[in-house]
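There is one chain below, alone, in structure tokens, taken in the form predicted alone.
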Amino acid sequence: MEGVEDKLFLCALCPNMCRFSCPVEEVAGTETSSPQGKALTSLLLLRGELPWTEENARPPYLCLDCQACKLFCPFDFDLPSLFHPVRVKAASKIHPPEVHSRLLRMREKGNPFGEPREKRVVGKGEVAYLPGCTAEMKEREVLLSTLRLLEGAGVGAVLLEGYCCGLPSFRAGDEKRAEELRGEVEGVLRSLGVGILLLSCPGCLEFLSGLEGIEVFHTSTFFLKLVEEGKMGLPRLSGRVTYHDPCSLGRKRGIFDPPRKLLKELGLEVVEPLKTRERAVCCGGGNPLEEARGVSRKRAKELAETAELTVTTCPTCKWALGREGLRVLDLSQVLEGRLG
């Protein structure tokens, strides 16, 4: 903890230039929503120099874990990892009401939406496909398009429904529940004996990569591989689209080009938004606070001003931006020939 506090102290004294890259700070515009303000509040809470109240516990949760601040950090700090110990303490003490609701939904229903669902393993094949909570419960067309594309390419896939990777619990500070959920996914994969795990959600990719003996793919890179191997044909399309980079796929994993390459192979013109690739703005969809909803609205407006149709590669980004009125499709839907 001493190392974390030292880093938070340095962050709290920094000129705070990264505040101009923080999407929450752009929307909220308060001292406590800036990276420096979040660091100072976190430090004082950890040191016991600030009382644990709902108000004081809010700033550490105002981080979207998008890592946009890292591009401007003179210390190359990973700020979300520095806020995480505070969230772990807050999860067992006191936290904002929106976080409380998420913690309960994850503990009782095993998904961030709090909706009932059963665990099911459907089909047979060499690939296990985990769509993730949002694709399964809010953006089911992404799941269905992916299954149809796999079938068309002759790839046998086992669909895992009702499983959560655990990342929503981890980000809320509930490490125990996160590990339980991650363990359930690993357990079913071991029982199936599959060597490939395919994911629609970049957040799942972030949290499940590193499983020993299992090759983990995001759908964008897996589909590009199938196209390059001649196993998947593409329809010919025309039109102008823009592409939204999900944080967990682009900035965190460096996967910028495969989705763009597939869109261009389809015949589409890809127009870049003002903030793109490493500087792309988070969709805000993974965070339950109201401030994050403001980030979604702002990003949706930016994308709508760039092109009539936005394509992304994250069901949560699609859901978060779509609920703000943006016309947005997942790459899997476009690969099936859909533009509307």
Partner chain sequence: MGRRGIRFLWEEGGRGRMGRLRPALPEAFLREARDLVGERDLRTEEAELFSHAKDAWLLGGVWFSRGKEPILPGAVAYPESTEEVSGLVRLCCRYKIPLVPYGGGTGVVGGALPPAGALVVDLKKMNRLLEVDGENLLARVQAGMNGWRYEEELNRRGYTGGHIPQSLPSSTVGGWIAHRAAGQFSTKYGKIEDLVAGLEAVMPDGTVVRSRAVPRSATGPRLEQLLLGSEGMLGIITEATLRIFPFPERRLPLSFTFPSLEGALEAARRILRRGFRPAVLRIYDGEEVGLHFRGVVEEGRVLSLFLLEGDGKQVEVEGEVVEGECRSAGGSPSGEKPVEHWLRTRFDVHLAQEVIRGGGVVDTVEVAILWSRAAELYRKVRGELEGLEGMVHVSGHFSHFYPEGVCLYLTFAGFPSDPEAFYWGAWEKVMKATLELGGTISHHHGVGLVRARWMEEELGGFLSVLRKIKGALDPQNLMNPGKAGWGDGRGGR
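Quick caveat: nothing in here was measured; it's all calculated off a predicted structure. Positions refer to the first chain, counted from 1.
Omitted here: the form predicted together with its partner chain. The next part is about that form.
At the 4.5 Å threshold, heavy atoms of Gly294 stay clear of its partner chain in the predicted bound form, well away from it.
In the predicted bound form, its partner chain stays beyond 4.5 Å of every heavy atom belonging to Thr306. In the predicted bound form, Gln67 stays away from its partner chain, with no heavy atom inside 4.5 Å. Mapping the unseen interface onto this chain, Leu40 counts among the residues with a heavy atom inside 4.5 Å of its partner chain in the predicted bound form. The candidate site formed by Ser81, Asp245 and Arg251 is entirely out of contact with its partner chain in the predicted bound form, as no residue has a non-hydrogen atom within 4.5 angstroms of it. Only one listed stretch (70-78, 216-224, 193-201, 257-265) carries heavy atoms within 4.5 Å of its partner chain in the predicted bound form, and that stretch is 70-78.
Residues Leu274, Lys275, Arg279 of 266-285 are found to place at least one heavy atom within 4.5 Å of its partner chain in the predicted bound form.
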